[in-house]
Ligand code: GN1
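Okay, here we've got a single chain as structure tokens, the form predicted alone, with questions on binding and movement later.
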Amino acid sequence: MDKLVTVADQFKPQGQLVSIQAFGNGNINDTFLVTLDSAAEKHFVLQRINTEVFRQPQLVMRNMCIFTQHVRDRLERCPLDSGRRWEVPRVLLTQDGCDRWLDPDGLCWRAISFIENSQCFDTIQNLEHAQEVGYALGMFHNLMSDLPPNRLADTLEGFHITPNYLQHYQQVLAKNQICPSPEVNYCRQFIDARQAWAHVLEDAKAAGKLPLRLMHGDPKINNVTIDSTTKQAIGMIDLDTVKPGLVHYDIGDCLRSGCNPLGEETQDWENVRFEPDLAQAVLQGYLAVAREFLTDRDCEYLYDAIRLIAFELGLRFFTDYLDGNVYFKVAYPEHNLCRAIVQFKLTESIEAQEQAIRNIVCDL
């Protein structure tokens, strides 16, 4: 705790430090909520950036400063017509004006403003919440749609490039002795049956059918902030992976995480199901603010995006399990294996409802 106090003191605005506590359930960075006795700013978020994942934290912070300032400037020029609240986290500088701080052990820390009177959920609560989640992602994409993708660095090369994950999976298989089990065999067979199809979005991008835009990179349900009073979406957090890419990965990831009522951590594998009604509500909220920059060709690939991102995350979880759990945080040795099975069962459910999902996209 003394070390956390020392770190927080590098960033804190006016006020005395009251407490520091673990915050959120992210799989990559270590996150803490700092409480102050200040009337002006009672909280801020303190994070240790995982430099094993983000090897150039200076680019992560540069990106965050550029796009958050862009969004704030745009909202100042053109406030939301509805008068709705929209919050953009601020990067808090150290006492000597830097956007991050290296401690004596070489660990990299940063601080960002806390969005008060807000909450996040791990699963969608109802259809109204689903529509707000879609609105949040659509507004996020809309507010960045006029920021040229080349203004931001690619902070995580290969992220959401499914063929690259397949290549890494094959390398891990080749270097590790794999202990067979029914669960492991299921995952390997599942991946083998879909390897050729997994190039679908990257092939479309290479053919010029899908344009490069800016994406959030990790638009899971628990990265959408909801106003505690109005229950409306007011922003998106966890901004480390904002980078040039395909918005289809964002749309697919949002639907993957939102339309599985049992969530990512369930062990009730046989009852994992993709819910089309939730997908329809998410897409309605999304398209209400994003339709103007999506093309007909974009819409043609939405089903593929939904199916692919569930498969991709399962592939990543399974690969990490085989490689000794070196990327995602785990609570027990088989945690990533269980997570992989959830995503593959979700993929199966999506595939079984392909026509229904395509009809939803077409009708919207």
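As the structure is a prediction and not an experimental result, all values here were calculated from the model. Start at 1 with the first residue shown and count on from there.
Missing here is the form predicted together with the named molecule; even so, the following discussion is about that form.
Taking L156, D253 and R316 as a possible spot, do all three reach the named molecule in the model of the complex with a heavy atom inside 4.5 Å?
-> All three within 4.5 Å in the model of the complex.
Out of I66, V330, I28, L59, which one falls within 4.5 Å of the named molecule in the model of the complex, going by heavy atoms?
-> It is I28.
Contact assignment for the named molecule in the model of the complex, among K220, H129, H141, H248, heavy atom within 4.5 Å | If I apply the 4.5 Å criterion carefully, the residue I get is K220.
Decide whether T241 counts as a contact residue for the named molecule in the model of the complex under a heavy atom distance cut-off of 4.5 Å.
-> Yes, T241 lies within 4.5 Å of the named molecule in the model of the complex.
Tell me the stretch among 116-124, 290-298, 253-261, 225-233 that has any heavy atom within 4.5 angstroms of the named molecule in the model of the complex.
-> Stretch 253-261 is the one.
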